[in-house]
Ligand SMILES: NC(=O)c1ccc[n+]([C@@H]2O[C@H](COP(=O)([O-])OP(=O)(O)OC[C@H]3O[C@@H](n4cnc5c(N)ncnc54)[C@H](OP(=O)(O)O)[C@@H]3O)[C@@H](O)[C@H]2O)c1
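Next up: just one chain, as structure tokens, the form predicted alone.
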């Protein structure tokens, strides 16, 4: 097995933590970006996992991340960190959602992941896989959305999708693979306890999709199992 170096944001809990554990368990080197790494004490004990502080809204953290990666090679970046924004009810039509929360969601779900790509790009260019996975959601789909509402979440993830397409075009000549990926409905604080997938199941499927990612799928929207989704 070839050992890969994987940078994962939002690794402090949920899908991100499960991805970090899964990749480390498979023998890969994991750089686990956490907003509060001091609280990720259990993950810090996992062999092969290195914790770094990454708050997507902090220019200081993103600058420090670039310095951390300055002499390293990264094979895969998984931009997993994100926020739903305000609660489900507040994001309904006519709900009492605030502009401040909406703008914060844009910073976290769209601008932040783009800045992480900028910070990690030299290290990704030194890596063998040159793969960027932006964790999105089916609610961002413009053609077949499963539900209405969730205006903060769906609009910011749609912005992330647009960024994904742009990155895929700009990096195509360097043999990068850049995709948006729906992780499935997962039993996290966002997905709820009745969601069909555990974080561990979603993480295993995500990594399997990454390992088998064809070049032709760069710039596309994928389901957790690798199937193509409509934008």
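As the structure is a computational prediction, the values presented were derived from the model and not from experiment. Numbering follows the first chain given and starts at 1.
The following text describes the form predicted together with this ligand, which does not appear among the structures shown.
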**Message:** Quick check on this chain: which one of 31, 65, 56, 163 has a heavy atom within 4.5 Å of this ligand in the predicted bound form?
**Reply:** 56
**Complete:** Counting only non-hydrogen atoms, the one stretch of 143-151, 73-81, 87-95, 117-125 within 4.5 angstroms of this ligand in the predicted bound form is 73-81
**Item:** Whether 108, 135 and 189 all lie within 4.5 angstroms of this ligand in the predicted bound form by heavy atom
**Value:** yes
**Message:** Would you classify residue 177 as touching this ligand in the predicted bound form, given a 4.5 Å non-hydrogen atom cut-off?
**Reply:** no
**Item:** 4.5 Å heavy atom contact, residue 13 to this ligand in the predicted bound form
**Value:** yes
**Prompt:** Is there a heavy atom of residue 204 no more than 4.5 Å from a heavy atom of this ligand in the predicted bound form?
**Reply:** no
**Item:** Touches this ligand in the predicted bound form: residue 26 (any heavy atom, 4.5 Å)
**Value:** no
**Asked** Taking heavy atoms and a 4.5 Å limit, what residues of 156-180 are near this ligand in the predicted bound form?
**Response** 157
